[in-house]
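Taking the form predicted on its own, here's one chain by itself in structure tokens.
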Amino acid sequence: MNVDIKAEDFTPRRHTYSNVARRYGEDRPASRYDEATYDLQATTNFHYRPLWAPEFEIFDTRRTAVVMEDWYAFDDPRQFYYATYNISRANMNAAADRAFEFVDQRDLMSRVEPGWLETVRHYLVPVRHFEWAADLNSLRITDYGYGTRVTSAAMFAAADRLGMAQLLTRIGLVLDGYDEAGLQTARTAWLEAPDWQGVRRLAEDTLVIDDWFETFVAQYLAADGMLHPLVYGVFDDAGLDHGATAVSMMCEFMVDWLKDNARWVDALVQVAAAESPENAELISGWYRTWRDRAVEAVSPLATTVLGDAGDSSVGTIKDALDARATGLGLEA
């Protein structure tokens, strides 16, 4: 019996999907990111208006005061769609797992000065509640935002925020020998400790912003831009003098995430601000308002952890954030 195996070449009838071909004006190969994000927003044939906001369609560009000629002008520099996002986060999570295993195997938590360990419990574990609020804000942007290039990235960010809340919970368990009592103590600090109430109030106030783009600026540019560098940068550096290398290792996911996510945040803000002077003025006003709120919120916590150096550290972070915002076309 003879088996004849041959290779056949097939010429595809089409190189991409209609949503991309209509954009490019030709049927040419496109990236998976383009195919997964271009013009997938529902725009017609809505059956009802939302009962809670009948002045809007279910998906409506008027849900924000920001005006764009094309809501698909935004481009995620990371080119995240389902596959690339999950590959990226799987690698980051695997690195986090290895860090936790290393800390456990070498018993590195025993190297941390007991006094600083109490400080870490106070400044770090309650951040999981901030991340939960950020997750809800991300879901709101996903729900009310317009254009798949915005909403898909916001959904990925929501998953990130939930994941970081879970990582902080895991860190809290490690700090206390896997006793959940430490998590309850952190929850009490979030609800009652005077130096946490500014951050808590900031998080809760962002949850009730009407304009989804303002929510984006408040959360991802202002609040994150102040709290994350303080907790995972300044506080973490201070801990190295107290033997807290293990804490740094367990927080590496959040450090890497902030750098990665900032690329998307900056790209979105820059494109929106460049669209028109009106957009730039509007977004600049939102930024200044929520930046000032964030500075006020984190200052008591910085004083608790750093003492007299707290104010200067907050000021340094604010100056860096203002420089970043200015580079995006905003007036800081």
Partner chain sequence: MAKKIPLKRKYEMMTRGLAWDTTYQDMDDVYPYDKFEGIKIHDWDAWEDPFRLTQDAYWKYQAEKERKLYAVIDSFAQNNGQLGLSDARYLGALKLFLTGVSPLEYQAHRHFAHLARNIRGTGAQVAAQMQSIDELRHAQTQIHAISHYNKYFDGLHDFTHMHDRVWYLSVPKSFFDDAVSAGPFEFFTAISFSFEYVLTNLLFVPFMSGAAYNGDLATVTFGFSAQSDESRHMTLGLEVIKFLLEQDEANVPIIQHWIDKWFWRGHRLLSLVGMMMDYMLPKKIMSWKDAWEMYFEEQGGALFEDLARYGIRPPMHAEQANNEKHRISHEVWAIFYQYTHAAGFHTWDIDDEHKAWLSAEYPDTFDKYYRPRLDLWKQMAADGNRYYNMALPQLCQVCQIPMGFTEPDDPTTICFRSREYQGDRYHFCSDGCQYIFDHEPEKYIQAWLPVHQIFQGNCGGAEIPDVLNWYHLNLGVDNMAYEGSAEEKIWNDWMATRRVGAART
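Numbering follows the first chain given and starts at 1. What you see is a predicted model; the values in this text were computed from it and never measured.
Although not depicted, the form predicted together with its partner chain is the subject of the following passage.
Colleague: Give a yes/no on whether residue 312 approaches its partner chain to within 4.5 Å in the predicted complex, heavy atoms considered.
Modeller: It does not: once its partner chain is placed as it appears in the predicted complex, residue 312 has no heavy atom within 4.5 Å of it.
Colleague: Does residue 67 reach its partner chain in the predicted complex, with heavy atoms at most 4.5 Å apart?
Modeller: It does not: once its partner chain is placed as it appears in the predicted complex, residue 67 has no heavy atom within 4.5 Å of it.
Colleague: Classify residue 78 as contacting or not contacting its partner chain in the predicted complex by the rule of any non-hydrogen atom within 4.5 angstroms, answering yes or no.
Modeller: Residue 78: no contact with its partner chain in the predicted complex.
Colleague: Considering only heavy atoms, tell me if residue 253 and its partner chain come within 4.5 Å of each other in the predicted complex.
Modeller: Judged by the heavy-atom cut-off of 4.5 Å, residue 253 is in contact with its partner chain in the predicted complex.
Colleague: With the distance limit set at 4.5 angstroms and only heavy atoms considered, check whether 108, 248 and 323 all reach its partner chain in the predicted complex.
Modeller: No: none of 108, 248 and 323 comes within 4.5 Å of its partner chain in the predicted complex.
Colleague: Of 150-158, 216-224, 232-240, 115-123, which is the one stretch near its partner chain in the predicted complex, taking non-hydrogen atoms within 4.5 angstroms as near?
Modeller: Flagged stretch: 150-158.
Colleague: Going by its partner chain in the predicted complex, which residues of 185-202 come within 4.5 Å of it through any heavy atom?
Modeller: Contacts from 185-202: 187, 190, 191, 197, 200, 201.
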